[in-house]
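Next up is one chain by itself, shown in structure tokens, the form predicted on its own.
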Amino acid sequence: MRTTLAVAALLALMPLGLPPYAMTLLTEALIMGLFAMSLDLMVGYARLISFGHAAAYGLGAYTCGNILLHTDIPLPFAVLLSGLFSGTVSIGVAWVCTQATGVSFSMLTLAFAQLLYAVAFKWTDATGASDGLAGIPRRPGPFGTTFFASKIGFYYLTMACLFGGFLFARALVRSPFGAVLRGIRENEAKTLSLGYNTRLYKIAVVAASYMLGGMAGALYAPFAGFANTELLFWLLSGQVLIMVIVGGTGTLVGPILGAAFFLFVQQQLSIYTDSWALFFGVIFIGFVLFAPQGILGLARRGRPTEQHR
């Protein structure tokens, strides 16, 4: 808990010393960190590999965009409602996908995300089709305050959502519910034989994952000022899965670090070459082969144990 508070304090002080461009990158890193952490609930704790997690992100972005464009609901409430909507929709998705396991489950999640992608291209009134939703505002509020409309205010809202999501996810995985998830991950047949309805637990964790992923997408829409079909594309699903693996699965914190690392490397490599993805692919292969526990695993490996202190 002390580490969490220390990191929160450090991030809270960042606006005092960073230039505007760096603040924009940091805000995006926090949004993607929340997105990656949401997927880790499925991948790291229940071994539910999703190839279509962009569905949660895009659904949250489009929902929040429409709320902010067509209603007077304040920004923080719009983000929360969008996350809840994504989590609610995912219950039906999870009910279908959890009828399968392994690769079949992964392909079903991909199919659902691609279905939403196709719908977004056709449903012009709600999504703007290929043009997307543009001019998404940062509405004032609650109580008429304009703080969240500013760049710094929006940064603090994003930080609050990330830490709120982290505390929620940590409480979830440390609860008896989380213990059952780990049982499913290690030996689902044994967990089933103990009397647990593993499918219901899978549906519940997918809903929680989509809720947090939807919140991340909801934050991105007013951050960027638009939402388009790329937020539902399979490429984004692959990128967030890479963030989770590079950061360290089953840790919650690791995927946040993985997201920041991914954005930093992408930013630096894109300065020198348009083929940055090729070089990042080499880096990813290196992590898989030589550091399968990810960035957080490397950090813990380098930490001295009590007997060596």
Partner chain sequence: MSLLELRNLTKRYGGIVAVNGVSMTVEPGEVRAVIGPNGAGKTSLFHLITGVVKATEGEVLFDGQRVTAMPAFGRCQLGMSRTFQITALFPEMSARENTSLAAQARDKQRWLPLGGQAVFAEAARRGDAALERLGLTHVAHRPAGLLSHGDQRLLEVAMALAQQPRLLLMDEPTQGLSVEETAQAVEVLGSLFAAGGLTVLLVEHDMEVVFRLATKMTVLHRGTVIADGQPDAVKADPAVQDAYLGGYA
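Since we're looking at a predicted model, the values are computed, not measured. Residue numbers count along the first chain shown, from 1.
FYI, the form predicted together with its partner chain isn't displayed, but the following is about it.
J.: Does every residue of 133, 151 and 153 put a non-hydrogen atom within 4.5 angstroms of its partner chain in the predicted complex?
T.: The answer is no: none of the three residues contacts the partner (heavy atom, 4.5 Å cut-off).
J.: Could you tell me which of 74-82, 186-194, 155-163, 210-218 sits within 4.5 Å of its partner chain in the predicted complex, going by non-hydrogen atoms?
T.: Looking at the partner contacts, the answer comes out as 186-194.
J.: In the predicted complex, does residue 89 have a heavy atom within 4.5 Å of its partner chain?
T.: No - in the predicted complex, heavy atoms of residue 89 and its partner chain never come within 4.5 Å of each other.
J.: Can residue 147 be called a contact residue for its partner chain in the predicted complex at 4.5 Å between heavy atoms?
T.: Flag for residue 147 set to no.
J.: Might residue 201 be said to contact its partner chain in the predicted complex, defining contact as any heavy atom within 4.5 Å?
T.: Judged by the heavy-atom cut-off of 4.5 Å, residue 201 is in contact with its partner chain in the predicted complex.
J.: Taking the shortest heavy atom distance, is residue 172 within 4.5 Å of its partner chain in the predicted complex?
T.: Residue 172 belongs to the contact set for its partner chain.
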